[in-house]
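Next up: a single chain in structure tokens, the form predicted alone.
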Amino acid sequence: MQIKVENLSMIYSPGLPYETKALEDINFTVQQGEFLGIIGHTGSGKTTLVQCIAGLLAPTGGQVVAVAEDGTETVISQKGKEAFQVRRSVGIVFQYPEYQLFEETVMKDVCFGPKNQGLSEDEQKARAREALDLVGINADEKGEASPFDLSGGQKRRVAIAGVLAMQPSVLILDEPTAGLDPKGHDDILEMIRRIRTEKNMTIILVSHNMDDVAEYADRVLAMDRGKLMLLGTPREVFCEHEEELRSVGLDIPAGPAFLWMLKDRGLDLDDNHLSFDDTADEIIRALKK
């Protein structure tokens, strides 16, 4: 499923003294299977944007259109059965999703979404087992455990599994690694990468971590005060627009920043690298010359 964002605008409390323009004339397309990273300072409109994409908010201007494989177009925020079905195909995971766990067991919690979709008990459990497997949780070992007895990282995996069990075509993650230790942070991101690869799922990641976005995203969308500021590959955004990003309070990934510092000090480097591994390899190559 392709997602087209067309002239999207969102105003909170229109016509009132505290009217706030959260989004202004946003246009872009997310292709099926793409990994899109969304960055921006606090208050730039990132969360409002993904809530409009998920159909949780109806925009005050423009529209978000889902395009099926056969070319059928559906406005996500409109009323009717077709739009409702499309909204169900967009899963969204908010910050600290483990706070939304509530059932007695892990299996019951992950089955909650499929149950509300009207599936039989056997189908619910099959979906839950598959989703738990995708996030690296053994259903036989943890299925009957209380979700509240799990570690923080495991709780988050179970919460994400609850969304995956509804088999969305598009998965939106808003700061999915917030509050995790370094290992939990890396494990969650590798899990997301694996899900995307195995399911050809469209991933939209909202993050303040520029290194994560540079490492995992196919394209990066930078927001500033409700407007689309930049859109391109990680290399295009981070390596060609450093000054623009810094002017709105955004950092660049640590790898390129370190390479540029070394280059300014006279080391002959190719500074178009983004990941830590590529950065290390380039420094080793330059030092061996």
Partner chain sequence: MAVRDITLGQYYPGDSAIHRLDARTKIICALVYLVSLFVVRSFSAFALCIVFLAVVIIISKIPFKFISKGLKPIIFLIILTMIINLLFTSTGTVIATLGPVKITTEGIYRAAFMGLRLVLLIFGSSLLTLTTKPIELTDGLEKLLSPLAKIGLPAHELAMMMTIALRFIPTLLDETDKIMKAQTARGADFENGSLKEKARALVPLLGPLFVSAFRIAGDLAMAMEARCYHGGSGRTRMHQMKFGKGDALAFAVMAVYLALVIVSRQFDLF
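Predicted model, so just to flag it, every value in this text is computed and none were measured. Numbering follows the first chain given and starts at 1.
Heads up, the form predicted together with its partner chain isn't pictured, but that's what we're talking about next.
Visitor: Residue-level contact is defined here as any heavy atom of the residue lying within 4.5 Å of its partner chain in the predicted complex; does residue 56 satisfy this criterion?
Guide: Contact check for residue 56: yes, within 4.5 Å of its partner chain in the predicted complex.
Visitor: Determine whether any heavy atom of residue 166 comes within 4.5 Å of a heavy atom of its partner chain in the predicted complex, and answer yes or no.
Guide: Looking in the predicted complex, residue contacts with its partner chain include residue 166, since a heavy atom lies within 4.5 Å.
Visitor: So, residue 176 and its partner chain: in the predicted complex, are they within 4.5 Å at any heavy atom pair?
Guide: Residue-level check for residue 176: no, no contact with its partner chain.
Visitor: Within a 4.5 Å heavy atom cut-off, is residue 189 in contact with its partner chain in the predicted complex?
Guide: No - in the predicted complex, heavy atoms of residue 189 and its partner chain never come within 4.5 Å of each other.
Visitor: On the criterion of a non-hydrogen atom at 4.5 angstroms or closer, are 84, 113 and 148 all touching its partner chain in the predicted complex?
Guide: Yes, all three are in contact.
Visitor: Which one of these stretches, 127 to 135, 67 to 75, 98 to 106, 192 to 200, sits within 4.5 Å of its partner chain in the predicted complex when only heavy atoms are counted?
Guide: Among the candidates, contact is made by 98 to 106.
Visitor: Which residues in 58 to 89 have a heavy atom within 4.5 Å of its partner chain in the predicted complex?
Guide: In sequence order, 79, 84, 88 come within 4.5 Å of the partner.
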